[in-house]
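Below, in structure tokens: the form predicted alone, a single chain.
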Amino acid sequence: MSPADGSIRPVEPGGKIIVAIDGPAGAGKSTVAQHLARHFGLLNLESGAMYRAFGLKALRAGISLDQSPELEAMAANTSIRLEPGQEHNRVLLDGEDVTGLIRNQTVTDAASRVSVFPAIRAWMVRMQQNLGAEGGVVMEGRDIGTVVFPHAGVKIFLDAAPEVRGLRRFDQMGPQPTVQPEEVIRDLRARDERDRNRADSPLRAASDAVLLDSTHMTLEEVVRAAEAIVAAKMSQQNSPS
């Protein structure tokens, strides 16, 4: 299906629960999603990994990250699949396993840039909806609860102060990072600006999302809080009417 064939069409999920986790970069969405998937026996679908795979293909092809027509043409001939793995999903780009190639800063920045175009987002959202249409999934990103699965049974908006998120990202870079903490925080603020102010599907909390601010919480506290939110919702759904 071509990315230019129309607007995003919301889908009604199946009977199994869908957990949507949204929030800015560095908020811990991937870690929380991985835990919830293991704990509740759900499938973890990383939307960010899909955008990074597409960003990687654009970088490899040497096409402009700021020209929607070129990106749309490439999308029409692109296949991205996710397969469950022990820690992360396996990410297959046109059949190639690129899981280990999409976690660096260059690819992450490319993903943020290509994601601002409405046609690219519409194309990507349709793939994400197909992956999660039967339910029984945890999906994290920036517009999962507002656009991809607006009918999700559980919506969590995970946030933290940009300084805290930037330092977490810096700590993840290992013992000999090539940048300074201030650079990481600056880049993260720039990404926040793009994500929150793009014309199509800007980053925002769904009206029915539970806000979870992790600024002053440990990772374990965040994970347990998210777990409690999902458990409470599942209990409500399973209780007799």
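Source: prediction; values computed, not measured. Counting begins at 1, following the sequence as shown.
Only in words, not in the display: the form predicted in complex with a small molecule, which the text now covers.
Shown here without its partner, the chain carries 49, 115 and 195, all of which come within 4.5 Å of the small molecule in the predicted complex through at least one heavy atom.
In plain terms, the part of the chain that comes close to the small molecule in the predicted complex, with a heavy atom within 4.5 Å, is 41-49 out of 41-49, 58-66, 174-182, 207-215. Residue 151 falls outside the set of residues with a heavy atom inside 4.5 Å of the small molecule in the predicted complex. For residue 141, a non-hydrogen atom is located within 4.5 Å of the small molecule in the predicted complex, even though that partner is not displayed. Taking the partner from the other structure, the small molecule in the predicted complex has no heavy atom within 4.5 Å of any heavy atom of residue 35. The closest non-hydrogen atom of residue 121 lies within 4.5 Å of the small molecule in the predicted complex.
None of 91, 75, 160, 111 but one reaches within 4.5 angstroms of the small molecule in the predicted complex through a heavy atom, and that residue is 111.
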